[in-house]
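Only one chain comes next, encoded as structure tokens, the form predicted alone.
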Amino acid sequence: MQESVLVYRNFLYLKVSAAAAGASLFAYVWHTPLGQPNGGTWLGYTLGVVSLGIVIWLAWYGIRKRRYGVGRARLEDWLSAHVYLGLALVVIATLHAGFQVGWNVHTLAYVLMLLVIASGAFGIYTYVRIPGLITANRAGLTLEQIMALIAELHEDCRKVAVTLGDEINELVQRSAEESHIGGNVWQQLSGRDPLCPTAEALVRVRAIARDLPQAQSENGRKLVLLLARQSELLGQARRDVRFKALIDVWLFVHVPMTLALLAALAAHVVSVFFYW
């Protein structure tokens, strides 16, 4: 998107959401129920219906964004409203509950709502912030080009290592065979490998190269430079994978938690209208 959803239409949906939250707060302050404010008063029911409608509308965005060309509203409008109405929901739903919490399905729905909103806020951060980090990290290269350069350096290192003895040759061979990018979820999210064979080879080869005979010293220095460049590119590739994982991983939390929220809200509504 050429225009950030956070400033879309000159903050139109921020203003709309702030007005909705402000009106809810004004009504809450003005309202004088018998006893403590709670979701069972007329204002509580009103804000509850509004909150439920917002949640359903927000959840519908996941379907709407996959239906290109459907409806009059632009996808940017939906997303900008999705962000700011989600934040306004924190205020509206809290006032709906009258700040009353307990160990029940109503509080469960409220907590799930907060978790969904928090995960959505993290998702917005990733989509706004991380693409720029990816571009800066790649330094004009694609991930495929970085991987190709790493493969070329592996071969160059092997060619130089065979002239420098068995110990260095084994270090370089292990570096080529065991250095990896990605891995499980935690390894992807960390963006680094503390036991990277290439980093270890660089440290040990640099130490060994200081004591190499004069005839081999030039190749020793060359190998150190090759391993240093290789280690740098591996770091770039791991960071690239990490940034992509951060973009993807929040969806594996946000979507299932949204479904859990809808289920909890259904239980909340049923319990209110049929058991209270």
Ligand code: HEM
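A residue's number is simply how far along the shown sequence it sits, counting from 1. The shown structure was predicted, so the numbers you read here are calculated from the model rather than taken from an experiment.
Below: the form predicted together with this ligand, not depicted.
Heavy atoms within 4.5 Å of this ligand in the predicted bound form are found in one stretch of 148-156, 185-193, 109-117, 198-206, which is 109-117.
Not one of Val162, Ser179 and Gly220 is positioned with any heavy atom within 4.5 Å of this ligand in the predicted bound form.
This chain lacks the partner; the member of Leu87, Leu143, Val128, Leu133 within 4.5 angstroms of this ligand in the predicted bound form by a non-hydrogen atom is Leu87. Mapping the unseen interface onto this chain, Val255 counts among the residues with a heavy atom inside 4.5 Å of this ligand in the predicted bound form.
This ligand is not drawn, but in the predicted bound form it has no heavy atom within 4.5 Å of Leu171. Residue contact check for Gln216: none of its heavy atoms lie within 4.5 Å of this ligand in the predicted bound form. A residue is said to contact a partner when one of its heavy atoms sits within 4.5 Å of a partner heavy atom; Pro33 fails this definition for this ligand in the predicted bound form, lying far away. Shown here without this ligand, the chain has His82, Val83, Gly86, Leu87, Leu89, Ala93, His96, Ala97, Gln100, Asn104 in 82-104 lying with a heavy atom within 4.5 Å of that partner in the predicted bound form.
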